[in-house]
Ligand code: PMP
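Single chain ahead, by itself, as structure tokens, in the form predicted alone.
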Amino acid sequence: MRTHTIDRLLRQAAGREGIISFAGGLPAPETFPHKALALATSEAIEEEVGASALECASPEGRLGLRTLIATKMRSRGAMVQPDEVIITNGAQDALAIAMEVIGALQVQVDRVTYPGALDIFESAQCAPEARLAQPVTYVMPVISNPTGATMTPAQRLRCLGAEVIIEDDAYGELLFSGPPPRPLLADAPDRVYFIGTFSKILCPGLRVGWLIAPAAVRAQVLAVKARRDLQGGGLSQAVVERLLDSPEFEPRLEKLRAHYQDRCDRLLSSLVHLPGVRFQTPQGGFSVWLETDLPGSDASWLYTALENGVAFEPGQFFQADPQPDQPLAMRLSFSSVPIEQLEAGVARLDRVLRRSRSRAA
């Protein structure tokens, strides 16, 4: 973890009653398809000849699931075939595999970006760099984490100039308005490592993601996958395959988008009353990125917030090179906060900010 003190505080907060937590960035538990999961699991165990869902299988994953993923990718404009898809244990596993194959010493990232990716880069002894252009770039073109922004055409064009592109599409299906746009993979299949996951739209406990790598390194990617864990969980793959192939899958996605947009709108309607803060309206996903002009350490800010019954994830989690004297910034995740608590959570945060501003005056 990048910041042990803050991580410890957040873990402690998770077990305390009365805390309204904007931390975590997790999907809402009430959206998990419990009945469909139970039925799909039962079918996967009982109906497959030779108990294939319960046995070891190929490192690249189940052909049926890879075929469905390839079909979804083609609907977005990327001409992907099933044998190009490798099933992984979530998106984090896919990113770690890609980094091992790429072997870069530096990687270009956005000014604020996904902290799990920063952890992987640092573990791979690859320095994340937000200020100088690098040949290898990591991006979330559709719904960036933490900002909720989508790439503009100009940003997309600049990104396609990189030698190697890691395209993280974790929130691609959760764009609030319209279908997911054409991925970078569609325009540069020889340079893009595309990462997808079902954690945000089904449930994270299944741990099913996928990786599509350039053809020139596909055999190497598969070898790394096989060496790391032999294969992804066969039963989880069989369950996801059934859910993805269900006629209820796309209507459920529409309901999910509406669910999260409602929470986002409710949070934004409260944030507009906070003094001295800046934020942009997310175009999808789970969170809002909030910036202030208030100085102070992230850990002390979080401690004060917890004492006032609210939690957030401080900005340094999301920055490749956080500076000790930078103003407070934070990610506020609305996804798993009960909608009736959003306004109260912002009110608690408001009290913390106003008291701090008053002391500084």
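The first residue of the sequence shown is number 1, and the count goes up from there. Everything numeric in this text was worked out from a predicted model, so none of it was measured.
As for the form predicted together with the named molecule, it is not shown, yet the points below apply to it.
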The stretch from 236 to 244, 256 to 264, 165 to 173, 68 to 76 that lies within 4.5 Å of the named molecule in the model of the complex, judged by heavy atoms, is 165 to 173
In the model of the complex, the residue from T150, Q108, T197, Q231 that sits within 4.5 Å of the named molecule by heavy atoms: T197
Contact residue in the model of the complex, from M140, I87, I212, A98 (heavy atom within 4.5 Å of the named molecule): M140
Can any non-hydrogen atom of K225 be found within 4.5 angstroms of the named molecule in the model of the complex? no
Taking the named molecule as it sits in the model of the complex, is Q92 near enough to touch it, meaning that at least one heavy atom pair lies within 4.5 angstroms? yes
Interface membership of Y114, the named molecule in the model of the complex, 4.5 Å heavy atom rule: yes
